[in-house]
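Here you get one chain, nothing else, as structure tokens; it is the form predicted on its own.
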Amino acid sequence: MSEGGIRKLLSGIDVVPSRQLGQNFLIDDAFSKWIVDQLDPQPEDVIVEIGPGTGALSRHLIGRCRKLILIEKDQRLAEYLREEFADVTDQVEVRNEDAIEFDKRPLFVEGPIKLIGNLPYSTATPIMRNFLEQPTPVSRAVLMLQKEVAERIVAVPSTKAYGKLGLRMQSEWDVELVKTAGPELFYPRPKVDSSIIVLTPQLPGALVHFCKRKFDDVTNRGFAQRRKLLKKNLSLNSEAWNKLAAELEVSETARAEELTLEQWIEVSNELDDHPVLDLPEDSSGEIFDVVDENDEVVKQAPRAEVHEKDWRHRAVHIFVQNKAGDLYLQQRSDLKDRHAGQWDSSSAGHLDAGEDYEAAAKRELFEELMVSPKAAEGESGFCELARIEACEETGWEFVRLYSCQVVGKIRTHGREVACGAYFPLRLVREWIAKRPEDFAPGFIACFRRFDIEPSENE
């Protein structure tokens, strides 16, 4: 659509481009199609577009995917899009919402999705934070950003653009800056160039596992004052810093911008106090109680042998709920010997030899989520919900299912838990019904026994 055409269209729907909303509309049809092609739309894809405006990208997506969800903050433009695509409502859903506040959790029910958008310059970072921070259902993203922001995201060490934003994005995403566009491709013309980046998730094993919250904390402190020595920004004494610098193979006078992503992860793990770091990386030698059909101990054996021979053993699952009744789900680490990467109970694990169920529940809750059950004096804080017989679905585990609220803020480490979030119960039910393959079978067995009927406040 030409500049004259877009002017006429906007005038017809009484829209004056808003600088506050960052409204710069694409007017080059060939360039719009090229951007869409970078997303590689497939017939079964669900695609979310942020800030579709007048539909410059949307028109090239219709017919190339199963479902297209358009998130448009401007009510007048949202109404225009509904009218414009009224004949394909089975494929297109228009949502008049702010992308910063959009609840992405229902998108998990759709399976992995793709994300595209010409993001407003002033709000690009919080929009990306909402959609791309883990956990996220996004499997590929193509985003147009202010060139300066894009360069910060792909920046490498010892450059002016290198900093917290790039480290955070690169710690979870493989990011490529594929093209830069001048102001002449937009109406009204922005004062700066724009760049298109393509993001795909980091492959399992590409980086050492780490705690995302700790990583953010360490990099925030490290870059708080760029020109100060890293030792001072991290508040480390000379002995501690010199030892760490030697392990990193960097100068004792190093500054934040000199460290690579891999070195920042190493710093994060070195300064972390997460309990999972005290556990052995290889758990195959752990000793379990092997039990009979009545859950009576008959012998002890190593974890690997118990799993290999499908011997009955013991485990706990804990359902952590917040005050609203939402259930915290964790995505299992890719290091797990069973059901790696699948969604599971808030916390779960095996009983060590000689350990009782409730003690194991408390231990697992702290090791995986670094929290404790909220309890009145003299009480454990756990509510036993069910006892599940050992069967194939549970992995031949006798399971005790507990629920609780927790004290403290949940903090996970990638060695044990990839990520996690609270989900409304109605959404969990829908997700399990539509995509049971996303979940560990033991969790599904527990959730069925959880057996909470839908209520008005869900």
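Heads up: residue numbers just count along the shown sequence, starting at 1. The structure presented is a predicted model; accordingly, all values stated were derived computationally and were not measured.
One more form of this protein exists, namely the form predicted together with a small molecule; it is left out here, but the text below deals with it.
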**Item:** Answer range among 429 to 437, 46 to 54, 398 to 406, 413 to 421 for contact with the small molecule, defined in the model of the complex as heavy atoms within 4.5 Å
**Value:** 46 to 54
**Message:** If we define contact as a non-hydrogen atom of the residue within 4.5 angstroms of the partner, is R332 a contact of the small molecule in the model of the complex?
**Reply:** no
**Message:** If we define contact as a non-hydrogen atom of the residue within 4.5 angstroms of the partner, is L68 a contact of the small molecule in the model of the complex?
**Reply:** no
**Item:** Partner proximity in the model of the complex: E72 to the small molecule, non-hydrogen atom cutoff 4.5 Å
**Value:** yes
**Item:** Contact test in the model of the complex: L26 vs the small molecule, heavy atoms, 4.5 Å
**Value:** yes
**Asked** Exactly one of E97, E247, E79, E286 has a non-hydrogen atom within 4.5 Å of the small molecule in the model of the complex; which residue is it?
**Response** E97
**Message:** Just to confirm, with a 4.5 Å cut-off on non-hydrogen atoms, which of T136, S268, N118, S346 contacts the small molecule in the model of the complex?
**Reply:** N118
